[in-house]
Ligand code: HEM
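Before any questions on how it binds or moves, here is one chain, the form predicted alone, in structure tokens.
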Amino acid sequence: MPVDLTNALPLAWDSATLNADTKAMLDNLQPNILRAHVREHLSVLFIRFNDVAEGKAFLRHLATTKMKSARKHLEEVRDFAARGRRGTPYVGVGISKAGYRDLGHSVEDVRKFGDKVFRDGMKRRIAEVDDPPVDQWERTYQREIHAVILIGDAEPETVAALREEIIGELPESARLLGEESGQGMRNPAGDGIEHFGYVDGRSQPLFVKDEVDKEPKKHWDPAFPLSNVLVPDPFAPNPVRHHGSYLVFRKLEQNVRAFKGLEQELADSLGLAGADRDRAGAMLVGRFKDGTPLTSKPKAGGGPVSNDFTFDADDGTKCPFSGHIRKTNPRSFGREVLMARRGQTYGERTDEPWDDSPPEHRPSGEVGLLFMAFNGSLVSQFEFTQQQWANNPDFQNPATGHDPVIGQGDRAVKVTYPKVWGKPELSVPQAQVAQTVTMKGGEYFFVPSLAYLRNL
């Protein structure tokens, strides 16, 4: 029977009762979609092919010799948990609309992708999400990218060796248009963080039973249907069994110096003192640096950080409606919009991102996030989130303001902040904080099934 993408129950991928179509899906699905793959060190290659036969042969060879299935990845995760044995590196491939055309698919063929956003490509969607003009993007992203190759592992030497091998196998007709390098950052507690110093990667939709079973579910259920990330692969031998996912890639530069200055200015304007000054940054992000949700506590610490919460009992006097994690995941609705985020930080730091160094000691550029997210629909997930939530100053309430972290567009609306946590004592309306994250370029890709790639 066809894979039920709408089933809300988590996938018991190793169950003896799994039907043949679901088994085939797992054997032909790329890893890192259903469950995040280790990619503490990451290399991202952007390729242009230029020759149909050579492009196909390269992808076929890559998929046959260097890429594993989602099932293999899940088996490796289980083996590592049981025996401490490390798995193999991650190699993933995404193809753009232009890439499919260059591989010989007709315009009519490409229409089989039901997602208009993918068919348009990122350069033609600037107005919808308030992105900068293309001529302001970095050179790599101004060009016509056909494919992205992702290489990830826990060890940098493994990634470097595999990168060299893959580049060496590119046909003479192909071009390496550019590349990015990502490396995970962690605070002293070992939690993954982003460049503003906050714990990141929480509140992910989960799809496999192994992960869901480990999570508390009293207030918020982390289990999501496969439809949030999977769609049938229209060019695969059997789309009923062979699936892929729409991948968003965006390079987001973070002005850490400016953001840290804004935290201090907000704390000053609200008259916050002592440890309560940390609440200023938490109101922008929605969490304290250690990941503690602002809606749950007025300060960081006090035990393990739980992801089992909602905003239902918070009228904005604890966590403002504009707080980043509240804007992009309201929790009580919009579950069908959530994406599986698989990004990685980039850039070198000479300071410690988690400490209390003054803003002038922070980088003002050249660091940020390689944002990557898998979607079942770019229209109703990524672009909806960016346009209707992050960039919308009236979501969830009038004059809520933009998402302070990733919101784009004119921030003319004045906003208020709670002066005291949990009490209806609001500041006077004031200007929103300035934008400190700049989109430097990107593209939309489809991450096809291994069945498609191996049959090119």
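Start at 1 and count along the sequence shown; that's the residue number. Predicted model only: the values in this text are computed from it and were never measured.
Although it is not shown, the form predicted together with protoporphyrin IX containing FE (HEM) is what the next lines describe.
Visitor: Picking from 271-279, 144-152, 164-172, 249-257, which part of the chain touches protoporphyrin IX containing FE (HEM) in the predicted complex when contact means heavy atoms within 4.5 Å?
Guide: The contacting stretch is 249-257.
Visitor: May I ask you to choose, among K116, R78, K209, R202, the residue with a heavy atom within 4.5 Å of protoporphyrin IX containing FE (HEM) in the predicted complex?
Guide: After the contact test, the surviving option is R202.
Visitor: Please pick, from I95, V285, M122, V229, the one residue with any non-hydrogen atom lying within 4.5 angstroms of protoporphyrin IX containing FE (HEM) in the predicted complex.
Guide: Contact with protoporphyrin IX containing FE (HEM) in the predicted complex is made by V285 alone.
Visitor: Mind checking whether each of I325, R331 and R341 has a heavy atom within 4.5 Å of protoporphyrin IX containing FE (HEM) in the predicted complex?
Guide: Yes, the whole trio is in contact, each within 4.5 Å by some heavy atom.
Visitor: Does V159 make contact with protoporphyrin IX containing FE (HEM) in the predicted complex, using a 4.5 Å heavy atom cut-off?
Guide: The answer is no: V159 has no heavy atom within 4.5 Å of protoporphyrin IX containing FE (HEM).
Visitor: Is V405 part of the interface with protoporphyrin IX containing FE (HEM) in the predicted complex - any heavy atom within 4.5 Å?
Guide: Yes, V405 lies within 4.5 Å of protoporphyrin IX containing FE (HEM) in the predicted complex.
Visitor: Is L74 part of the interface with protoporphyrin IX containing FE (HEM) in the predicted complex - any heavy atom within 4.5 Å?
Guide: Looking in the predicted complex, residue contacts with protoporphyrin IX containing FE (HEM) do not include L74, since no heavy atom lies within 4.5 Å.
Visitor: Given that protoporphyrin IX containing FE (HEM) is not shown alongside this chain, does F382 nevertheless sit within 4.5 Å of it in the predicted complex, heavy atom to heavy atom?
Guide: Residue-level check for F382: yes, a contact with protoporphyrin IX containing FE (HEM).
Visitor: Within 4.5 Å of protoporphyrin IX containing FE (HEM) in the predicted complex, which residues of 368-394 have a heavy atom? Give them in sequence order, or say none.
Guide: Contacts from 368-394: L369, F371, F382, T385, Q386.
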